[in-house]
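The chain that follows stands alone, in the form predicted alone, written as structure tokens.
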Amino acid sequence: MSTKSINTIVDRRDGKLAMAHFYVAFIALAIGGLAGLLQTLVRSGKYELPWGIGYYQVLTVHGVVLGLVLTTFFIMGFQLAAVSRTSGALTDKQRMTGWIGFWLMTIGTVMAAVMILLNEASVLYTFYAPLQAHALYYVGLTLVIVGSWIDGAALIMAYASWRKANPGKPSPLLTFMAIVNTLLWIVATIGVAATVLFQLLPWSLGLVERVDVLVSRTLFWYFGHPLVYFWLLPAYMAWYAIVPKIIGGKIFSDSLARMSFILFLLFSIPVGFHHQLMEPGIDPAWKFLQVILTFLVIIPSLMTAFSLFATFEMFGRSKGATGLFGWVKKLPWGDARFAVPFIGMLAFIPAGAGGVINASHQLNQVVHNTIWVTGHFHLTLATSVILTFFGISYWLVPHLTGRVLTKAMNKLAIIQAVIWAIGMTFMSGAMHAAGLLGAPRRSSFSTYGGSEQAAEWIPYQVAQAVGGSILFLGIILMLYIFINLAFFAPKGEQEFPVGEVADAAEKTPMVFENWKLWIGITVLLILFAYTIPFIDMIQNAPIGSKGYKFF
């Protein structure tokens, strides 16, 4: 085996590159979190925004900065560190590629953020046409995507050089997972890049007068649904390959972990229509097909749940646990590196159940465009994924900065996760309940002219504000812990835990490294799911819409 594959620490130069990504991510957490707090306060009806700031301006900041900036920067930083740790230090060329990607993403983020803050781009996180933003907003988004592709190229180059040095061997599990997620991201972002470059940018510059709304939304959701899995897979990386090491157990099955990632690559992209079930202009048969493909994504999620709890039970039994749930007591609940992601795992159970409802054609009609969907979103991304990202930060940030996670910070981290769970229970729970009563999403506070139905929603909106305030307290705590681990914690060596595979596990077959096969199937599924609907949309296209600016 190559000596490069048995590193125990991330190369310091690679660590600086990863930390640069994390600094931007946590600045985004601060800004986006403040915007989220303001939003919930406005929706309660008890607070008005000062200085002429618009509600939809704050809503756009919250969605774009947390949904796109925080996640993309954190994930790229984590994947760069994971590849450096498991496949050996990056070469100078690979590292330079990563830095170019980082700076392009950062410049693009600043451009988009400035346009939102100037109230030139209050078009929300989905930037749906016919709402029209300033051209510089679209240019900024384009730079973020192109920068992320260049970051991804650095990862792919590192993977390729490992494969060249280790022919006939399966790649390290974390590296393999990072590559699958990078490929998923590159394929998915082609859709959003196409709508921004060929539709929205020329339209915002006045080069064309009208835009085809249905085509732009379809291209957005071609990207928008796999985006969810781009967020989720790094959390799965930690759950599958890192948490077992933290608890002192072993990975249940390397092959099962790889298989689930491949299934996500195959089934997460050709399913965008389930976000458009209420949209006219798309043949119901194609919606039905994509709903079936959506339900196939449940399979790797259930595989993951099985694998994780098998790992936990095997560990507990090895420590002498008896009875059906005796192993639960043996888990290291006092270790934030385990406890915080575990709370995220538990949240994924109701989050997944809500996703099944959203993707069901008939049930979607009940909850579509209600705040139920926002509640679901906050359980998946803002709880399962973000708590796992926080759990990763507690060991990865000190590992990269040459510091240690102290007992005090470990205790504070667990308190932070409990506060987060309480805040999200209030906020997401109230969103789900209000959604079932018909409360709309994306809307500011309104009594709708004294409507009796709208009066039912207001107590839930107050509960959302209570939950949002508790969550903001959690964000302040998280930022305090991050700053401590990055700059003030005692110097030392913090472990980058990477799990070993259980002795009884099957040998990993090399078919998982056959990228021609997996990318080929992915492309075929996409062509199958989208070609005829796209031809139909273009042949039967309406005149298109002019741009609207309500801000």
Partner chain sequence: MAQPGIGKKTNTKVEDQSSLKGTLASVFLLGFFLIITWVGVYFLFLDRF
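Just so you know, these numbers come straight off a predicted model, no measurement behind them. Numbering follows the first chain given and starts at 1.
From this point on, the text means the form predicted in complex with the partner chain, which you will not see here.
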{"property": "All of M314, I349 and L363 within 4.5 Å of the partner chain in the model of the complex, heavy atom check", "result": "yes"}
{"property": "Selected contact from W149, F306, W99, F445, since only one has a non-hydrogen atom within 4.5 angstroms of the partner chain in the model of the complex", "result": "F306"}
{"property": "Candidate from V462, V208, V356, A160 lying within 4.5 Å of the partner chain in the model of the complex - any heavy atom", "result": "V356"}
{"property": "Interface stretch in the model of the complex with the partner chain - options 169-177, 211-219, 417-425, 314-322, non-hydrogen atom within 4.5 Å", "result": "314-322"}
{"property": "Close approach of F267 to the partner chain in the model of the complex, 4.5 Å, heavy atom", "result": "no"}
{"property": "Residue contact check: L302 to the partner chain in the model of the complex, 4.5 Å heavy atom", "result": "yes"}
{"property": "Contact of Y240 with the partner chain in the model of the complex (heavy atom, 4.5 Å)", "result": "no"}
{"property": "Contact test in the model of the complex: F252 vs the partner chain, heavy atoms, 4.5 Å", "result": "yes"}
